[in-house]
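This document starts with one chain, in the form predicted alone, laid out as C-alpha coordinates.
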(Lines give C-alpha, C1' and ligand atoms only; values in the text may rest on other atoms or scores of the structure.)
Protein backbone atom coordinates (compact mmCIF):
# COMPACT_ATOMS: atom_id res chain seq x y z
CA UNK A 1 0.00 0.00 0.00
CA UNK A 2 1.42 3.35 -1.05
CA UNK A 3 1.18 6.07 1.56
CA UNK A 4 0.85 9.47 -0.13
CA UNK A 5 1.83 12.73 1.52
CA UNK A 6 -1.84 13.54 1.98
CA UNK A 7 -2.64 10.23 3.66
CA UNK A 8 0.52 10.39 5.77
CA UNK A 9 -0.24 13.89 7.03
CA UNK A 10 -3.90 13.09 7.61
CA UNK A 11 -3.18 9.94 9.60
CA UNK A 12 0.14 10.62 11.33
CA UNK A 13 1.04 14.34 11.46
CA UNK A 14 1.40 15.82 14.94
CA UNK A 15 0.54 19.54 14.91
CA UNK A 16 3.56 21.63 15.82
CA UNK A 17 5.83 18.57 16.03
CA UNK A 18 5.69 16.25 12.99
CA UNK A 19 4.75 16.62 9.35
CA UNK A 20 5.60 14.78 6.15
CA UNK A 21 7.15 16.33 3.03
CA UNK A 22 9.04 15.11 -0.03
CA UNK A 23 12.82 15.47 0.11
CA UNK A 24 12.79 14.57 -3.62
CA UNK A 25 10.02 13.39 -5.96
CA UNK A 26 8.53 10.20 -4.50
CA UNK A 27 10.73 10.28 -1.39
CA UNK A 28 8.72 11.33 1.67
CA UNK A 29 10.42 12.22 4.94
CA UNK A 30 9.08 12.82 8.42
CA UNK A 31 10.12 16.29 9.56
CA UNK A 32 10.22 16.60 13.34
CA UNK A 33 10.65 19.83 15.27
CA UNK A 34 10.01 20.14 19.01
CA UNK A 35 11.53 22.18 21.85
CA UNK A 36 13.78 19.16 22.51
CA UNK A 37 15.21 18.46 19.04
CA UNK A 38 14.78 18.44 15.29
CA UNK A 39 15.10 15.41 13.02
CA UNK A 40 14.30 14.09 9.56
CA UNK A 41 13.48 10.46 8.87
CA UNK A 42 13.17 9.05 5.34
CA UNK A 43 10.51 6.43 4.71
CA UNK A 44 12.73 4.91 2.04
CA UNK A 45 15.01 2.64 4.05
CA UNK A 46 13.48 3.67 7.37
CA UNK A 47 16.53 5.93 7.55
CA UNK A 48 17.05 8.60 10.17
CA UNK A 49 18.79 11.38 8.21
CA UNK A 50 19.32 14.12 10.78
CA UNK A 51 19.06 14.66 14.52
CA UNK A 52 19.95 17.88 16.31
CA UNK A 53 19.18 18.33 20.01
CA UNK A 54 18.17 21.84 21.06
CA UNK A 55 21.21 24.04 21.62
CA UNK A 56 23.58 21.58 19.93
CA UNK A 57 25.24 21.29 16.53
CA UNK A 58 23.95 18.49 14.23
CA UNK A 59 24.96 15.05 15.49
CA UNK A 60 24.34 12.94 12.38
CA UNK A 61 26.35 13.50 9.19
CA UNK A 62 25.00 13.39 5.62
CA UNK A 63 27.28 13.87 2.63
CA UNK A 64 26.94 17.01 0.54
CA UNK A 65 27.03 14.64 -2.44
CA UNK A 66 24.36 12.26 -1.11
CA UNK A 67 21.88 10.98 -3.70
CA UNK A 68 18.15 11.23 -3.01
CA UNK A 69 16.54 8.94 -5.57
CA UNK A 70 14.10 6.03 -5.40
CA UNK A 71 15.93 2.73 -4.98
CA UNK A 72 19.25 4.29 -3.96
CA UNK A 73 20.76 4.45 -0.48
CA UNK A 74 21.64 7.80 1.10
CA UNK A 75 25.25 8.35 2.22
CA UNK A 76 24.82 9.41 5.82
CA UNK A 77 22.35 9.40 8.68
CA UNK A 78 21.52 5.91 9.94
CA UNK A 79 21.08 3.35 7.16
CA UNK A 80 19.39 0.14 8.31
CA UNK A 81 21.50 -2.83 7.21
CA UNK A 82 19.32 -5.97 7.26
CA UNK A 83 19.11 -9.03 6.97
CA UNK A 84 22.82 -9.09 6.30
CA UNK A 85 25.66 -6.73 7.06
CA UNK A 86 28.42 -6.18 4.50
CA UNK A 87 28.81 -7.82 1.13
CA UNK A 88 27.40 -11.16 0.00
CA UNK A 89 28.20 -12.55 -3.47
CA UNK A 90 25.56 -11.56 -5.99
CA UNK A 91 23.52 -9.59 -3.46
CA UNK A 92 23.12 -5.93 -2.54
CA UNK A 93 25.63 -4.74 0.05
CA UNK A 94 24.09 -4.41 3.53
CA UNK A 95 20.82 -6.09 2.60
CA UNK A 96 17.72 -4.87 0.82
CA UNK A 97 15.54 -2.92 3.28
CA UNK A 98 17.70 0.22 3.09
CA UNK A 99 16.38 1.00 -0.39
CA UNK A 100 12.77 -0.16 0.07
CA UNK A 101 9.82 1.98 1.12
CA UNK A 102 8.71 1.45 4.71
CA UNK A 103 5.20 2.04 6.04
CA UNK A 104 4.41 4.47 8.83
CA UNK A 105 2.59 2.48 11.52
CA UNK A 106 2.11 5.05 14.28
CA UNK A 107 3.21 8.42 15.59
CA UNK A 108 2.79 10.01 18.99
CA UNK A 109 4.04 12.77 21.25
CA UNK A 110 4.78 11.38 24.70
CA UNK A 111 4.46 13.07 28.08
CA UNK A 112 8.13 14.08 28.00
CA UNK A 113 7.69 15.90 24.67
CA UNK A 114 9.46 13.24 22.60
CA UNK A 115 8.17 12.17 19.18
CA UNK A 116 7.80 8.41 18.71
CA UNK A 117 7.61 7.30 15.09
CA UNK A 118 7.05 3.64 14.28
CA UNK A 119 7.93 2.34 10.80
CA UNK A 120 7.64 -1.19 9.45
CA UNK A 121 8.21 -3.49 6.52
CA UNK A 122 7.12 -7.11 5.98
CA UNK A 123 7.97 -9.85 3.52
CA UNK A 124 6.29 -9.85 0.12
CA UNK A 125 6.98 -11.25 -3.34
CA UNK A 126 9.83 -8.77 -3.89
CA UNK A 127 11.61 -9.59 -0.62
CA UNK A 128 11.05 -13.34 -1.02
CA UNK A 129 12.92 -13.19 -4.33
CA UNK A 130 15.91 -11.74 -2.44
CA UNK A 131 15.64 -13.61 0.86
CA UNK A 132 13.09 -16.40 1.12
CA UNK A 133 11.82 -15.93 4.68
CA UNK A 134 8.69 -14.65 6.39
CA UNK A 135 9.42 -11.63 8.57
CA UNK A 136 8.17 -8.40 10.04
CA UNK A 137 10.73 -5.65 10.67
CA UNK A 138 9.87 -2.62 12.77
CA UNK A 139 11.87 0.49 13.64
CA UNK A 140 10.78 2.63 16.57
CA UNK A 141 12.51 6.03 16.53
CA UNK A 142 12.27 8.18 19.65
CA UNK A 143 13.32 11.78 19.00
CA UNK A 144 14.04 14.00 21.98
CA UNK A 145 17.10 15.30 23.81
CA UNK A 146 18.39 11.78 23.13
CA UNK A 147 17.81 9.71 19.99
CA UNK A 148 16.81 6.06 20.35
CA UNK A 149 16.40 3.63 17.46
CA UNK A 150 15.02 0.16 18.22
CA UNK A 151 14.98 -2.32 15.33
CA UNK A 152 12.83 -5.38 16.04
CA UNK A 153 12.95 -8.47 13.84
CA UNK A 154 10.02 -10.87 14.07
CA UNK A 155 10.20 -14.29 12.46
CA UNK A 156 6.59 -14.69 11.30
CA UNK A 157 7.20 -18.08 9.71
CA UNK A 158 7.98 -21.55 11.05
CA UNK A 159 11.53 -21.94 9.74
CA UNK A 160 14.45 -20.62 11.77
CA UNK A 161 16.57 -17.93 10.09
CA UNK A 162 19.88 -16.22 10.86
CA UNK A 163 20.63 -12.55 10.31
CA UNK A 164 23.37 -9.98 10.67
CA UNK A 165 22.39 -6.31 10.88
CA UNK A 166 23.45 -2.79 11.76
CA UNK A 167 22.29 0.69 12.61
CA UNK A 168 25.04 2.10 10.39
CA UNK A 169 25.32 5.49 12.11
CA UNK A 170 27.30 8.36 10.54
CA UNK A 171 28.37 10.99 13.06
CA UNK A 172 29.57 14.56 12.55
CA UNK A 173 33.02 15.28 13.91
CA UNK A 174 35.02 18.51 13.83
CA UNK A 175 38.26 16.92 12.63
CA UNK A 176 38.88 13.18 12.35
CA UNK A 177 42.54 13.71 13.33
CA UNK A 178 41.35 15.12 16.66
CA UNK A 179 38.69 12.46 17.24
CA UNK A 180 38.91 9.29 19.33
CA UNK A 181 36.50 6.53 20.32
CA UNK A 182 36.46 5.29 23.89
CA UNK A 183 34.91 2.13 25.31
CA UNK A 184 36.68 -0.46 23.15
CA UNK A 185 40.02 -0.77 24.97
CA UNK A 186 41.09 -4.41 25.18
CA UNK A 187 38.47 -5.56 22.66
CA UNK A 188 39.39 -7.87 19.78
CA UNK A 189 38.51 -6.74 16.28
CA UNK A 190 38.51 -7.96 12.71
CA UNK A 191 40.49 -5.49 10.60
CA UNK A 192 38.89 -5.37 7.15
CA UNK A 193 41.73 -3.14 5.88
CA UNK A 194 44.10 -6.02 6.68
CA UNK A 195 41.98 -8.80 5.15
CA UNK A 196 40.06 -9.45 8.38
CA UNK A 197 43.19 -9.92 10.50
CA UNK A 198 42.36 -10.47 14.18
CA UNK A 199 43.76 -7.61 16.29
CA UNK A 200 43.27 -6.20 19.77
CA UNK A 201 42.49 -2.60 20.64
CA UNK A 202 44.89 -0.88 23.01
CA UNK A 203 43.61 2.38 24.48
CA UNK A 204 41.29 4.72 22.62
CA UNK A 205 40.63 4.28 18.90
CA UNK A 206 42.39 7.06 16.97
CA UNK A 207 42.58 7.74 13.24
CA UNK A 208 45.58 8.11 10.93
CA UNK A 209 44.43 6.11 7.89
CA UNK A 210 41.55 4.09 6.47
CA UNK A 211 39.75 2.37 9.34
CA UNK A 212 37.23 -0.45 8.93
CA UNK A 213 36.94 -2.69 11.99
CA UNK A 214 34.39 -5.07 13.46
CA UNK A 215 34.90 -5.06 17.23
CA UNK A 216 33.68 -8.41 18.52
CA UNK A 217 32.29 -9.68 21.82
CA UNK A 218 31.51 -6.19 23.13
CA UNK A 219 28.28 -4.91 24.62
CA UNK A 220 29.91 -1.74 25.95
CA UNK A 221 28.81 1.83 25.31
CA UNK A 222 31.09 3.87 23.05
CA UNK A 223 31.99 7.53 23.39
CA UNK A 224 33.18 9.70 20.53
CA UNK A 225 35.53 12.36 21.86
CA UNK A 226 35.23 15.16 19.31
CA UNK A 227 37.97 17.50 20.47
CA UNK A 228 37.66 19.96 17.57
CA UNK A 229 33.88 20.08 18.03
CA UNK A 230 34.20 20.44 21.78
CA UNK A 231 31.82 17.64 22.68
CA UNK A 232 31.36 13.98 23.56
CA UNK A 233 28.80 11.78 21.79
CA UNK A 234 27.71 8.66 23.67
CA UNK A 235 26.32 5.56 21.95
CA UNK A 236 24.60 3.08 24.26
CA UNK A 237 23.31 -0.18 22.78
CA UNK A 238 21.21 -3.23 23.46
CA UNK A 239 20.92 -6.56 21.65
CA UNK A 240 24.37 -6.10 20.13
CA UNK A 241 27.69 -7.82 20.80
CA UNK A 242 29.65 -6.10 18.02
CA UNK A 243 30.55 -2.52 17.09
CA UNK A 244 31.87 -1.32 13.73
CA UNK A 245 34.15 1.72 13.44
CA UNK A 246 34.69 3.11 9.93
CA UNK A 247 36.29 6.05 8.16
CA UNK A 248 37.21 5.74 4.47
CA UNK A 249 40.17 8.17 4.38
CA UNK A 250 40.92 9.97 1.09
CA UNK A 251 41.75 7.05 -1.22
CA UNK A 252 38.58 5.10 -0.44
CA UNK A 253 36.57 8.32 -0.44
CA UNK A 254 37.62 8.92 -4.06
CA UNK A 255 35.86 5.68 -5.08
CA UNK A 256 32.53 6.91 -3.70
CA UNK A 257 30.56 9.12 -6.05
CA UNK A 258 28.22 10.10 -3.22
CA UNK A 259 30.97 11.56 -1.02
CA UNK A 260 32.44 15.00 -1.73
CA UNK A 261 36.22 15.44 -1.67
CA UNK A 262 37.62 15.81 1.81
CA UNK A 263 34.40 14.99 3.65
CA UNK A 264 36.04 12.06 5.44
CA UNK A 265 37.61 14.65 7.75
CA UNK A 266 34.23 15.58 9.27
CA UNK A 267 32.58 12.17 9.63
CA UNK A 268 32.93 8.92 11.53
CA UNK A 269 30.79 5.78 11.61
CA UNK A 270 30.33 4.02 14.95
CA UNK A 271 27.79 1.31 14.21
CA UNK A 272 25.57 -0.71 16.53
CA UNK A 273 25.65 -4.19 15.03
CA UNK A 274 25.22 -7.88 14.98
CA UNK A 275 28.14 -8.43 12.59
CA UNK A 276 31.03 -10.79 11.98
CA UNK A 277 30.64 -13.77 14.32
CA UNK A 278 27.81 -11.95 16.14
CA UNK A 279 24.93 -13.52 14.21
CA UNK A 280 21.35 -13.69 15.45
CA UNK A 281 19.43 -16.92 14.96
CA UNK A 282 15.69 -16.42 15.36
CA UNK A 283 13.31 -19.35 15.59
CA UNK A 284 9.83 -19.31 14.08
CA UNK A 285 7.68 -16.94 16.10
CA UNK A 286 10.75 -15.42 17.77
CA UNK A 287 11.89 -11.81 17.98
CA UNK A 288 15.10 -9.85 18.47
CA UNK A 289 15.59 -6.13 19.10
CA UNK A 290 18.76 -4.22 18.23
CA UNK A 291 18.77 -0.75 19.78
CA UNK A 292 21.01 2.31 20.02
CA UNK A 293 20.59 5.41 22.15
CA UNK A 294 22.63 8.46 21.20
CA UNK A 295 23.21 11.35 23.59
CA UNK A 296 25.36 14.45 23.88
CA UNK A 297 25.99 14.73 27.64
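Residue numbers count along the first chain shown, from 1. For clarity, every value in this text was computed on a predicted model and none was experimentally measured.
The discussion below concerns the form predicted together with a small molecule, not included here.
Contact check for residue 170: a non-hydrogen atom falls within 4.5 Å of the small molecule in the predicted complex.
Although the partner is absent here, residue 200 sits far enough away that none of its heavy atoms falls within 4.5 Å of the small molecule in the predicted complex. In the predicted complex, the small molecule lies farther than 4.5 Å from every heavy atom of residue 72. Interface residue remark: residue 189 is not counted as part of the site for the small molecule in the predicted complex, having no heavy atom within 4.5 Å. Not one of 91, 136 and 288 is positioned with any heavy atom within 4.5 Å of the small molecule in the predicted complex. Segments offered: 243-251, 230-238, 29-37, 42-50. Contacting the small molecule in the predicted complex at heavy atom distances within 4.5 Å is 243-251.
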